[in-house]
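In structure tokens, the next block holds one chain alone, the form predicted on its own.
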Amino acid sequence: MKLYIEIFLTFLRLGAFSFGGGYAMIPLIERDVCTTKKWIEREKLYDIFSVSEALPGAIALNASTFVGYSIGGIWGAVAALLGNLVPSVLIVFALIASYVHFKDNTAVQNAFNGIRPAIIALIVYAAYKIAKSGIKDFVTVIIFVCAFVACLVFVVPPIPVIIAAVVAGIVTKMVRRKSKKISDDERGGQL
């Protein structure tokens, strides 16, 4: 029970004090889960972020649920999801109630103008960290470049890009296994 409370409180704090959505939350989750608490390895966390991005829904909630599940099973997933969700719901209700009264206030507008560049920096940092673990060889570089060009130049929606990348990864792995098996068979025949 103590672990579930700790998971809940960790994601409650992350949900309450991170701005900019799931991508901006990635470095904070990484710091708390991998560095501070040492609950899971970074490579596994990057895999969780990749899967979370591919699924429908908010990446922060998906990632929190998967991380919680990796740490504490089903109840860990529930604790992490609720911890991440509760602050957002409460903050949104409070903002809805107060935004109508303060939307024209210059201090509020200036605060949002200051937050935006910081959020962009957090997203770029998260992309850099994920790229370091995900782009490992020539094939993954090609997949990255094709996906980036498809999104940026041809404005292809994310779902087809993700599906194409999944297919490319599976085909690449199958080709590598087959070529390894052929080379192993050739070496076996020479002995």
Partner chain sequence: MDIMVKLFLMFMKLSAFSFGGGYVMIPIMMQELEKNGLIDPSMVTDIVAIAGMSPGPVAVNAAVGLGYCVSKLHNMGAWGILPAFMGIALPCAIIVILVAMFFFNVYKNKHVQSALYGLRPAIAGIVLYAAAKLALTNGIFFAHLDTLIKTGANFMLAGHHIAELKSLVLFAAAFFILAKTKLHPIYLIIGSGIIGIFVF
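No experiment lies behind these values; they were computed from the predicted model shown. Numbering follows the first chain given and starts at 1.
This next part talks about the form predicted together with the partner chain, which is not shown.
Tell me, yes or no, whether R176 is in contact with the partner chain in the model of the complex, where a contact means a heavy atom of each within 4.5 Å.
Answer yes; at least one heavy atom of R176 falls within 4.5 Å of the partner chain in the model of the complex.
Even though the partner isn't displayed, in the model of the complex is Y69 close enough to the partner chain, meaning a heavy atom within 4.5 Å?
Y69: yes, in contact with the partner chain in the model of the complex.
Does H101 reach the partner chain in the model of the complex, with heavy atoms at most 4.5 Å apart?
Answer no; every heavy atom of H101 is more than 4.5 Å from the partner chain in the model of the complex.
Check whether C34 has any heavy atom within 4.5 Å of a heavy atom of the partner chain in the model of the complex, and answer yes or no.
Contact check for C34: no, nothing within 4.5 Å of the partner chain in the model of the complex.
Which residues in 158 to 180 have a heavy atom within 4.5 Å of the partner chain in the model of the complex?
Residues within 4.5 Å: P158, I159, V161, I162, A165, V166, G169, I170, T172, K173, R176, R177.
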